[in-house]
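Form predicted on its own, single chain, as structure tokens, below.
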């Protein structure tokens, strides 16, 4: 049971990273980024291309991350910002367009064949023996936990210790009032898309050795990250983290003790149940509106 929980937490940590990227964009701009998975997928291909040219794996990943962050900025600056005054629905349609464009480009450039991506960390798993039995901790799990902890600490420092983090909170609460206060709203919007894109690529690189690199490699993780965000509360960063971890553990237990084929179905059922009984998520705060 403990090993199953640990495996679930590792998967859940990946879901949490997806949820954090989705929530950052949604909380700041009010837009659900349906291109999230394909943005991550495309730049995993870019990293793979650099690595195939015998570039050091970590340098190739770093270059891909830099290009991804720049692409996130360009998307917000030149595709979304000009139509922001129209409606959130118009920006949503743009993300659908980006989703299809990136998928088409990936297929045209790299084809549809699955490609092997090298593991970031290798070695035998750590095995602990005690009264609790045998506990196995994979090195990949430690890497995923470490990245999630780093992102959490970064966000805590950003929101608690910096003026920029306070500005993000202000924009997420009321964009118009934040602008009157002298906050550069466009800068905050750009940051949210850069952060979200970096989370997408990070998740893609973490799962690529297991899922292989393909045009559809992150669609499942985008769905699971969305489920985690709904479970925790779409307006809450802490909810995104705990929602992902809870979802990962529950899915792993369902797959182990009930049926592995029910894992995806379980996620969809969970969304329905949460929306019916907990509209704000398990950790989301209720908002009162003036009538």
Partner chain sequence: MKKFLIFLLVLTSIFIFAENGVYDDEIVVGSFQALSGPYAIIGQEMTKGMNAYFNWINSNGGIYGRKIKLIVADDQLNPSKTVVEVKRLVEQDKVFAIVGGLGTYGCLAVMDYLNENGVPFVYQGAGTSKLVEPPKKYIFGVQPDYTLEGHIIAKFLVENQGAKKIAVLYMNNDIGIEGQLAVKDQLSRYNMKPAIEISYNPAETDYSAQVLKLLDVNPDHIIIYGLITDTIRWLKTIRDYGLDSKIITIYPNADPNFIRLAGEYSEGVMFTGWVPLPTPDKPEYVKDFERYVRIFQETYKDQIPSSYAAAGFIAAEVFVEGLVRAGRDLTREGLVKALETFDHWSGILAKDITWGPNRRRGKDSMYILVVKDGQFVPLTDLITWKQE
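Positions refer to the first chain, counted from 1. All values reported here derive from a predicted model rather than from experimental measurement.
The next section is about a form of this same protein that is not shown, the form predicted together with its partner chain.
Although the partner is absent here, residue 173 is not a contact residue: none of its heavy atoms lies within 4.5 angstroms of its partner chain in the predicted bound form. In the predicted bound form, residue 220 approaches its partner chain with a heavy atom inside 4.5 Å.
The closest heavy atom approach of residue 95 to its partner chain in the predicted bound form falls outside 4.5 Å. The closest non-hydrogen atom of residue 210 lies within 4.5 Å of its partner chain in the predicted bound form. Of the residues 157, 145, 164, 114, just one reaches its partner chain in the predicted bound form with a heavy atom at 4.5 Å or closer; this is 114. Considering its partner chain in the predicted bound form, the lone stretch of 119 to 127, 147 to 155, 78 to 86, 177 to 185 in range is 119 to 127 [heavy atom distance within 4.5 Å].
Contacts with its partner chain in the predicted bound form, taken as any heavy atom within 4.5 Å, map within 261 to 276 to 261, 263, 264.
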